[in-house]
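Shown here is one chain on its own, the form predicted alone, set out as structure tokens.
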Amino acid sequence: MIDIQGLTYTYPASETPALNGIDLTVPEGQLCAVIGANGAGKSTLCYAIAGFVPHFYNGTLTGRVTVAGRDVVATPLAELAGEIGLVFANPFNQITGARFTVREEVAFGLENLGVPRDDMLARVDAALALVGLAGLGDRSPYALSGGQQQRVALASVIVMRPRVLVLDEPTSQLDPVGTREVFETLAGLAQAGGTTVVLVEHKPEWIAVHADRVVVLSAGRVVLDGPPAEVLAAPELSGYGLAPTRYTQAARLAVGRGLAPGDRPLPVTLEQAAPFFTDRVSP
């Protein structure tokens, strides 16, 4: 679904590439989490997949980005929008301000496509329910909390039914309950609906549970790529400015103090940690 070959991109007025030789293939229906320290190139990768790089940000791009069979560089943004949905980290950048209610805001994109009214209303209600805003459709988007506004932005993209969903820190303003609901929603879209999800996040415990794959970026390059159980427990993770999950940290500390043998994979989730400590920790 997403095929990136030799992608190097430099922003205007910059001499250092934000992305440097990226090779990445994401199959249909996969939830791929992208992590990295600040400045690693995560947001730029999102923009490149969605076509904002180079169509909106300009700059210099070499290599090839193909999404849903479309060459991103050669395809206008208006056409890419039908296949790719992008959710920004800050919901204020995504709410149009052109509609008075949450329901109207979520319906904005469908209106522009001329979707029949009955179909549009059904899709809007389904999207609001999916992100936990079913009872707030008649509220003003600006009367909501930051976390609720972030869900409005997510619903506005989901309602378009994109084949590829790209999200740049969509839970940054959500509490733990909201974070869990968003992760469960994204995992459900990938598993049941076949939506390909690329997710930039800084919450390893949730990534460990819901992601199919984790890609680590550093200085615009892919430095680690694999299943969450491998990548999030990798000893070199800290060298890229990233912390492992709390379960991995506790297990590594136990091994270091001789309380547990070091011949087993370290846990990255609570489900993995329970038997690790129950079965392996010395009295």
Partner chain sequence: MSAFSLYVDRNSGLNRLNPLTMLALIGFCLVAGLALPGAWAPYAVFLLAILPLAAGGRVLRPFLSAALKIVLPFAVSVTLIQGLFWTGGTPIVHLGPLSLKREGLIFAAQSTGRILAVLGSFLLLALTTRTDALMIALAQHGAPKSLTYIVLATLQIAPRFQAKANTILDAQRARGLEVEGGIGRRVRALIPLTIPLVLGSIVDIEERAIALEARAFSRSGPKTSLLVLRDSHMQRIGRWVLVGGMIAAVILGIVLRR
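Residue numbers count along the first chain shown, from 1. Here the structure is a predicted model, which is why all the values come from computation and not from measurement.
Keep in mind the form predicted in complex with the partner chain is missing from the figure; the text below concerns it.
Enquirer: Using 4.5 Å between non-hydrogen atoms, is A74 touching the partner chain in the model of the complex?
Expert: A74: no, not in contact with the partner chain in the model of the complex.
Enquirer: Can any non-hydrogen atom of A81 be found within 4.5 angstroms of the partner chain in the model of the complex?
Expert: A81 belongs to the contact set for the partner chain.
Enquirer: Counting only non-hydrogen atoms and a 4.5 angstroms cut-off, does R163 reach the partner chain in the model of the complex?
Expert: No, no contact at 4.5 Å.
Enquirer: Even though the partner isn't displayed, in the model of the complex is R213 close enough to the partner chain, meaning a heavy atom within 4.5 Å?
Expert: Although the partner chain is absent here, R213 would stay clear of it in the model of the complex, with no heavy atoms inside 4.5 Å.
Enquirer: Select from the listed residues L133, V115, V197, V200 the one whose heavy atoms reach within 4.5 Å of the partner chain in the model of the complex.
Expert: Checking each option against the partner chain in the model of the complex, the one that comes within 4.5 Å is V115.
Enquirer: Using a 4.5 Å cut-off on heavy atoms, which residues of 102 to 117 contact the partner chain in the model of the complex?
Expert: Stretch hits, in order: R103, E104, E105, V106, A107, F108, G109, L110, E111, N112, L113, G114, V115, P116, R117.
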